[in-house]
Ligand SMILES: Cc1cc2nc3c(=O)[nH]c(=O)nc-3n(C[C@H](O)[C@H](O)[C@H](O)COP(=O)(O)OP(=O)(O)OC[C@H]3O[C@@H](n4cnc5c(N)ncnc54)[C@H](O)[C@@H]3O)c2cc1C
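We begin with a single chain expressed as structure tokens, specifically the form predicted on its own.
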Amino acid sequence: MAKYRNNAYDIAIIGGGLVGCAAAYYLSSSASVAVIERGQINQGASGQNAGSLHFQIEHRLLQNNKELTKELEHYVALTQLAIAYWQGMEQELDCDVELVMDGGLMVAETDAEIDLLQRKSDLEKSQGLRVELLDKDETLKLAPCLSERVKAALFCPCEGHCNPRLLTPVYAGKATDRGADIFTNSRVTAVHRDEGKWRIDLLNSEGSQQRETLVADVVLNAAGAWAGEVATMSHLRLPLFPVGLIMNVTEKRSPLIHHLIQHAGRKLSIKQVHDGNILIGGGWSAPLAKKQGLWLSNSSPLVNIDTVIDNLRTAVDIVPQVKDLHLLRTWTGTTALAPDPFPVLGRAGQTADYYVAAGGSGFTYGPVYARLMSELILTGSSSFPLEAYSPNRFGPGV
């Protein structure tokens, strides 16, 4: 593809989070690319999440295990690609993003949860994911920090975590090295077709409130929680809904937790990071800021102290020594979820050259989403089938 002049590009990516910046990196080797971000790079969910790499089927997906067996099998197969990308990431990008893949444990406290882990293990193994169901003694030997309440755990040796504050800026820097342009503090105000091209109107929020228009052959909507809002500018109905989540971090301490810890029946994600702090989350919701019933998309979700207490109490139940630590900070982020628990990846409706990459587990799977979408945009097909995640699965109105 040729590079144009006067703010004209082959591909315009809306959203400067992990998926958008990683896609810019992959695409810019073959095309002229612009990334448009309403704030700063990595300012949204990509930089505000806890950085977990949870390759096991997670808690929110387990709730639909019986109804979504085929869909989950496909998703676990995608996991294999994600693991391979993460394992080679630091070498590919020639960087240190504090990536640790020492394994993860999904724990069970009840017989019913053990049965759930067994069924989950069977499904995951059928798709080639390495997991091992451990009894209580094996679990506590591997992770002595865990409570005696834990009766079993499913161990995945590839799980881990990465510093979310580092990864997206690395992708952005590598993309600009390849010639991509990044427009920050640039709010998209319109996206429309004109003479066979996409025209994207921007309002720069710095200084004189400068207005600008970019022209592109292809649009990739990677706006995360704002993807639905952006889609309406092109008369598309994209059923992605903003969801607020809460996270917590404790003071530093000596090494205690050596794995990513999740729970089969309760909302929990807990791990100890490079500097010694312990991050605690697990999908606990935070109320969205609203005015007259409408989401204030420029405002962070609200901190609910009762939710914080419940999240920390769950963490103490599973890792008792956490109770002796001071809580340093609680913060919120906004992610996007579809009506089903899967990502939205692919070309939207019959609209010419308009693609979407949003939803799902955007940090764990962000790099593989970006790589596959880049293949789809550049060649018309992807090395892993994405039809199951097409925006068109929600009906003809998309």
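Numbering starts at 1 and runs along the sequence shown. Source: prediction; values computed, not measured.
Separately, the form predicted in complex with this ligand exists; it is not shown, and the next lines address it.
Interface residue among 45, 34, 62, 338, judged by heavy atoms within 4.5 Å of this ligand in the predicted bound form: 45. 245 is the sole member of 134, 268, 83, 245 with a non-hydrogen atom lying within 4.5 angstroms of this ligand in the predicted bound form.
When contacts are defined as a non-hydrogen atom within 4.5 Å, none of 28, 163 and 370 contacts this ligand in the predicted bound form.
In the predicted bound form, this ligand lies farther than 4.5 Å from every heavy atom of residue 116. At a distance threshold of 4.5 angstroms between non-hydrogen atoms, residue 224 is in contact with this ligand in the predicted bound form. Although the partner is absent here, residue 23 is not a contact residue: none of its heavy atoms lies within 4.5 angstroms of this ligand in the predicted bound form. With a 4.5 Å cutoff on heavy atoms, residue 349 does not count as touching this ligand in the predicted bound form; it lies far away. Residues of 9 to 23 that come within 4.5 Å of this ligand in the predicted bound form, judged by any heavy atom, are 14, 15, 16, 17, 18, 19, 20 in sequence order.
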